[in-house]
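Same chain, two versions here, written out as structure tokens and called structure 1 and structure 2.
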Structure 1
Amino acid sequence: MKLEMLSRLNGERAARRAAIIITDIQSGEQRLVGQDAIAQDPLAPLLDLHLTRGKSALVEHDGRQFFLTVQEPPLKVVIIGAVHISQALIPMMKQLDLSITVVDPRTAFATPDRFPDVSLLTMWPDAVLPSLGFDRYTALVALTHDPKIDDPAIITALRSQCFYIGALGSRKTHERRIERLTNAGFIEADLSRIRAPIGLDIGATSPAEIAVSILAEIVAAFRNERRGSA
């Protein structure tokens, strides 16, 4: 790979944008296509298909073979709430190499002792979340059960392209949440993106079981979205 292309690829990675390296098998020539430029490329349908699948592949176009090397940003999960469920959830997420940030202004809960080896921000969500860069590779998990903390985070997520928004709470709690967000100007199409009560319905009761249901729902949301588009 040429130095100029490597520099461009590193730039795309730093900006958390997907990119595809196209290698002509016959000539060995390579080019890099950023996510925003796919529609203008001669291989656009193939590039879009394999970016959607998130997998590199050998393809054929007009009698020539090309290898598509798909580069995607790592999935990022922002957890709102330094709670027991978060403590159970984080070790599982680390097994999937997810990038994890915990946000909770309540310093009695958000301590390094309770959350070692993880990015821990003891700030109010509305102050810190805009700097975290929500994108289509980001999931939001709201777990505090406190509207003053959860709602600003959910609002930030709804205004972004993040692929998953989940919120803890009963159906009645969510009805009140929907009412508040409707009053804040969101419409039904926006609010339907929120998964609440959070997690797959597996009859979970303990923090660990709820954590399993949340992680499964996040994985399903990411993978099913791409299968449905492929």
Structure 2
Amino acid sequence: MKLEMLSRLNGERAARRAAIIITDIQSGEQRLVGQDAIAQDPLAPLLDLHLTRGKSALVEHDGRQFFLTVQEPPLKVVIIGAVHISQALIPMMKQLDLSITVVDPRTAFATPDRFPDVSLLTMWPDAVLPSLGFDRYTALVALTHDPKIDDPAIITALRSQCFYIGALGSRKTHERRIERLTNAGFIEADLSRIRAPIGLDIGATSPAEIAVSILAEIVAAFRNERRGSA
């Protein structure tokens, strides 16, 4: 692989864009196709298919074997609430290569001392979320269990294609949340996208254990969806 091509691939990733490298296994010939150029490529249908699946693959076309190195944009997580669980979550999420943004308007919680080395926005979710670009590679983790802060974030997420929406709070808290969102015009199909109480049920109690259960649920949501379409 030419260094220039490797560099472009890394650049596309840094810019959060999908890209595919096509390698002719017999000749070693290679080309990089950015997400916007897929439609013009001779292998367009195969590129589309494997990008949707989110998996690299060996394919055949016109009797030749090509390897598709599929690079999806990095997953992004927006955490609402600069709380104790978030402090436990962030180092674990970094291990999984997730891009993280923490949003909390409460200046007592959202301090750089408590959240070093992470994008921390001390703002109300309704003010800042539209600029964060919720797409199918985005997860929302709502952890304040304060409706004034969590609800606007959940509403933004429900109106997007994001692959995961998790909300902290007991079943009772969630019942009241469902009531509010129903009044706001959402239907059951929308509301069933919200995972609440957040996290896989592993009996987690400490903030770190809850973080593990949330992270496992995010991985499952992302991977299972693609496994289903494979």
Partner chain sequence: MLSTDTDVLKAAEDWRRAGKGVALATVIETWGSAPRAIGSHLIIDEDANFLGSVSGGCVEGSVITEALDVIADGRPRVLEFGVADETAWRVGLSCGGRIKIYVERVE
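Please read these numbers as outputs of a predicted model, since none were measured by experiment. Only the largest set of C-alpha atoms that superpose within 1.5 Å between the two forms is called the rigid core. Reference numbering: structure 1, starting with residue 1.
- The chain appears twice here, and it is structure 2 that represents the form predicted together with its partner chain.
- Between the rigid parts that turn between structure 1 and structure 2, the hinge residue, out of Glu72, Ile38, Gln26, Ile202, is Glu72.
- Annotation: rigid-body hinge motion between structure 1 and structure 2, rotation of the minor part against the major part equal to 33 degrees.
- Its Cα shifted by 6.9 Å, Gln30 is compared between structure 1 and structure 2 on a rigid core fit.
- Core-aligned Cα shift between structure 1 and structure 2 at Gly11: this is 9.8 Å.
- The two forms line up on their rigid core, and Leu49 then has its Cα shifted by 3.7 Å between structure 1 and structure 2.
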